[in-house]
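Shown below, as structure tokens, is a lone chain in the form predicted on its own; questions about how it binds or moves come after it.
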Amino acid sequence: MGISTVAVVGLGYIGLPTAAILAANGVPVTGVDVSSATVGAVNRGQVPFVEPDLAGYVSDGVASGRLRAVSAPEPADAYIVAVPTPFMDDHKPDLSYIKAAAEAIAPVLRGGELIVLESTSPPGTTRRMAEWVLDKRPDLSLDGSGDRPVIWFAHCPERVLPGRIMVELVTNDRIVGGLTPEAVQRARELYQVFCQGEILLTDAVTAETAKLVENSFRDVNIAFANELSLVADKLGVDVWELIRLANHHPRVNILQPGPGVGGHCIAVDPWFIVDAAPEEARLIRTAREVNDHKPRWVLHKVVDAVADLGVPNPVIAAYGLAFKPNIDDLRESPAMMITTEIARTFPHATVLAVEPHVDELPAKLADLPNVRLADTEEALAAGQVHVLLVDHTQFRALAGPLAGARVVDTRGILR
């Protein structure tokens, strides 16, 4: 393969599993992260977040000597960049993390390395990453022109589901796109080390756009379900029953509504398409607006429930802070947004945040004096308004205990 060592830049929800799975397949891996806490945890064989099965891979990798973590890039044959790509207040992509990674890698390059961008990115970002690297290293090139050593650049977007990452890293098909045909082939050889799914080859811009399209497709379908929940509420119809009946049609498969859309992909990626083609991406923009509006609609439902309660200092229990069930990932979580706004809307209320997958409140909630972390038992006993935001497995048993209570159920748990 010509790649005997790999550096993974960014040891978050994608980077660390990728580093660990490579190490499990016999490749010496150096993980790079700016967080000293993350570096220390990995070098102790520990995982700084919740992901099933990952802890065993990390501890085995560290014990074998094939996985270690450092705070700055070191020489390697291949680099996988897996850093955040959030958007700014105007929904434009923030590429500062990718630029910082590129500029950190550039000084240690010798020529002949492969650099793969895994971060979900707007079209053209892989080429921009190459430009940032080559700006720092004009002695290197994309094509060997001027007898300068070549650096190969490719894009391979992650396509895994939090909670199933260690399975789907291996079994899912992957898309590999490069700035040159040789870069594509080298990247394919790297991912063949652990990927049992089909590896589909294309150019870098198509690979970047494919990931955005996948998540935009899901976002549009979720938006239909979320908008349907608003329509059903206005008509006095049970949306869960409505969807169950409609889905008996052989060509209908409506998703389940929720309090909004969260996570590092679906809540973010469609905006990259809108930014790249604002006049053309009308449906994608509307879906984002529908899903971004849903938390405010839920908040109005909580306001109505508190008004019906008619007490000056209510106790409001919010069940779930993560963006999806059975994980601790709070990124872009509508449950977090709603809980925060409940506390701000009712400053004299006590807000009990029930999230079994975290040990302490995130800073955004910890800064609010009327919010505290509680377990399910306390919330059931003390809560006067109950807001079901995430369908964690242990919350699915709440239908009985909450019978007759004042409940805002965004997940259909009580049905």
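When you see a residue number, it is the position in the sequence shown, counting from 1. This one's a predicted model, so the numbers in the text were calculated from it and none came from an experiment.
The same protein also exists as the form predicted together with a small molecule; that form is not shown, yet it is the one meant from here on.
**Q** Please identify, from 194-202, 306-314, 254-262, 123-131, the stretch that has a heavy atom within 4.5 Å of the small molecule in the predicted bound form.
**A** Stretch with heavy atoms near the partner: 254-262.
**Q** Can Glu214 be called a contact residue for the small molecule in the predicted bound form at 4.5 Å between heavy atoms?
**A** Yes.
**Q** May I ask you to state whether Ile222 is within 4.5 Å of the small molecule in the predicted bound form, using heavy atom distances?
**A** Close contact exists here: in the predicted bound form, Ile222 approaches the small molecule to within 4.5 Å, heavy atoms only.
**Q** Within a 4.5 Å heavy atom cut-off, is Ile266 in contact with the small molecule in the predicted bound form?
**A** Output for Ile266 is yes: heavy atoms within 4.5 Å of the small molecule.
**Q** Counting only non-hydrogen atoms and a 4.5 angstroms cut-off, does Val160 reach the small molecule in the predicted bound form?
**A** Contact with the small molecule, yes.
**Q** Which listed residue (Lys99, Arg218, Arg244, Arg188) meets the criterion of a heavy atom within 4.5 Å of the small molecule in the predicted bound form?
**A** The residue in contact is Arg218.
**Q** Scan Phe153, Tyr79, Phe323, Phe272 and let me know which has any heavy atom within 4.5 Å of the small molecule in the predicted bound form.
**A** The residue from Phe153, Tyr79, Phe323, Phe272 that makes the contact is Phe323.
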